[in-house]
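To begin, one chain is listed below as structure tokens, in the form predicted alone.
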Amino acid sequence: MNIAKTYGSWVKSCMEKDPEKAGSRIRRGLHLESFRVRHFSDKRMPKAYRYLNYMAIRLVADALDKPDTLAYINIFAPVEILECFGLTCVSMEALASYLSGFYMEDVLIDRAEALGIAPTLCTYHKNFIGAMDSGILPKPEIGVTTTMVCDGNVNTFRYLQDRFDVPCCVLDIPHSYSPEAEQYVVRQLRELIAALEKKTGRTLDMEELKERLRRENRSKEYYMDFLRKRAVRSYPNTLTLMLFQLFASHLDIGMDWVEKCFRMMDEEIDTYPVSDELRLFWIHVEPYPEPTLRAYLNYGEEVTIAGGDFDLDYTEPLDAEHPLEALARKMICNIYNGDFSRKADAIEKMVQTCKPDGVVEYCHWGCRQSAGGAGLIRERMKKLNVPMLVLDGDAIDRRNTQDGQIRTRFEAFLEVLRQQRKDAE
């Protein structure tokens, strides 16, 4: 029996008549799952990932219980500032993924489209919009998003503001760096800080913000060291765990638990053996519900994901003595911002660090930038003589994924990697 699917059906059974009860069941389910992963995790899971898994679920469950300190964001928002005001940041993308984990995406996406939302909009956004409209998610204190990467973010947060009277801040991020562009973003950050001070009655502690940036720098150092070791050592993971890393690399970056988690990863991998498994570098989102990819990649003994671009979208040290300027630069120079050649250049360097056998890009339905730039990245991989596979599908809506096609193409790609390994011997 699929417990998550059964539980999701129980939630859906009362969603129309009593959305508050459905929301309560979602929160209860998250708390139960956090208890399960803390005490009964798969023994194949490394200790650092057990900690990550537990914290990622528990923090969201706790946040949904306390909407008066809840902020809905996109994953590129400056969480370092928001968390200094006692706010708990939960991304729209994370909520959409969790609701899909309850097998609820079908009714929520259909609900969003019934409202007039375009069928071509990213299913992360439609899942979130459908959940908000149904009343199963709490109204947050504030919403914060950026103009980076996704052209759906601004409209989704405007909908949140107009439909539910949620005060939302949209940070306009220039496509290219210059001192003037940096100061333009800094001014917006100061406006955000002033709005947060007025809303919360608290004053920003600049020393606390500086310390968060120092922890963020240390966390990144641990993770980069881990990746260099991961190029030769085994470290079991799953598609879902790779998604959970976004909590550490984005949503809670700068927090104590994140630094602890990355330090654990860096230390723990030394206890794992050198391995000859086929290593993949993953571009864009991991489609955790996809059956074939789950079968091969969840604790895969032959093939594994050794790294991904989202966790490495900005790796430069932050100048903690000038935190607002550092955060502005972090957003402007993010590899997902601006001309796509910036992302291609960065992925080329990442692949040289991680030393994978192959690269996979998953072009998620509705995400135009990932599909549009795949050819450019493929050209870079040819230059490095690294095979690349581009897969199309839906990381959220199970109804919109062609598993047979993915199986055929993925297995053929593995044969290419095996042959390449054999030729090199």
Partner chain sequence: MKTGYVCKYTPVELLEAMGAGPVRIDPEVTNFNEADTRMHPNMCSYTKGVLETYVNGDYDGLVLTTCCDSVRRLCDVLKDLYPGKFIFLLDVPRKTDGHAAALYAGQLRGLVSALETYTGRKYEEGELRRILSAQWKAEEDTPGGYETQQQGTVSVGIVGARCPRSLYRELDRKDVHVQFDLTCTGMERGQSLWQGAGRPEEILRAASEGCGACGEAEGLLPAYAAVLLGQLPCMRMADSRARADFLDAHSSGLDGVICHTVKFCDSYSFEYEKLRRENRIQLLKLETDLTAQCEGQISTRVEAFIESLHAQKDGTGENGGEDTGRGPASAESGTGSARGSADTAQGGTGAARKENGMDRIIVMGIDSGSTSTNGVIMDGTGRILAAGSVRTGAGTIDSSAAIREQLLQEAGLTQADILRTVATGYGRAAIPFAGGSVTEISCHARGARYFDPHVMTILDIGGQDSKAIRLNEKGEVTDFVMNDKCAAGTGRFLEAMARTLEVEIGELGPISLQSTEEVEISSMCTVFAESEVISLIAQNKKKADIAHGVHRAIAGKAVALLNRVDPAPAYMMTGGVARNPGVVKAVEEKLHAELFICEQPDIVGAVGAALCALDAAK
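Positions refer to the first chain, counted from 1. Fair warning: this is a prediction, and the values are worked out from it, not measured in the lab.
There is also a form predicted in complex with its partner chain; it is not shown, and the following applies to it.
Chemist: Are all three of 33, 101 and 269 close to its partner chain in the predicted complex, meaning a heavy atom of each within 4.5 Å?
Modeler: Heavy-atom distance to its partner chain in the predicted complex: none of the three under 4.5 Å.
Chemist: Which residue among 256, 276, 207, 162 has a heavy atom within 4.5 angstroms of its partner chain in the predicted complex?
Modeler: Result of the distance check: 162.
Chemist: Which residue, 174, 300, 138, 289, is the contact with its partner chain in the predicted complex, using a 4.5 Å heavy atom cutoff?
Modeler: So the residue touching its partner chain in the predicted complex, by this definition, is 174.
Chemist: Just to confirm the contact call: exactly one of 352-360, 393-401, 60-68, 35-43 touches its partner chain in the predicted complex at a 4.5 Å heavy atom cutoff, so which is it?
Modeler: One stretch meets the cut-off, namely 393-401.
Chemist: Wondering, does residue 408 line up within 4.5 Å of its partner chain in the predicted complex on heavy atoms?
Modeler: Contact check for residue 408: no, nothing within 4.5 Å of its partner chain in the predicted complex.
Chemist: Taking 4.5 angstroms as the cut-off for heavy atoms, does residue 118 touch its partner chain in the predicted complex?
Modeler: Answer yes; at least one heavy atom of residue 118 falls within 4.5 Å of its partner chain in the predicted complex.
Chemist: Report yes if any heavy atom of residue 340 sits within 4.5 Å of a heavy atom of its partner chain in the predicted complex; otherwise report no.
Modeler: The answer is yes: residue 340 has a heavy atom within 4.5 Å of its partner chain.
Chemist: Report yes if any heavy atom of residue 29 sits within 4.5 Å of a heavy atom of its partner chain in the predicted complex; otherwise report no.
Modeler: Outside the cut-off, so no.
Chemist: Residue by residue through 182-202, tell me which have a non-hydrogen atom within 4.5 angstroms of its partner chain in the predicted complex.
Modeler: Residues within 4.5 Å: 184, 187, 188.
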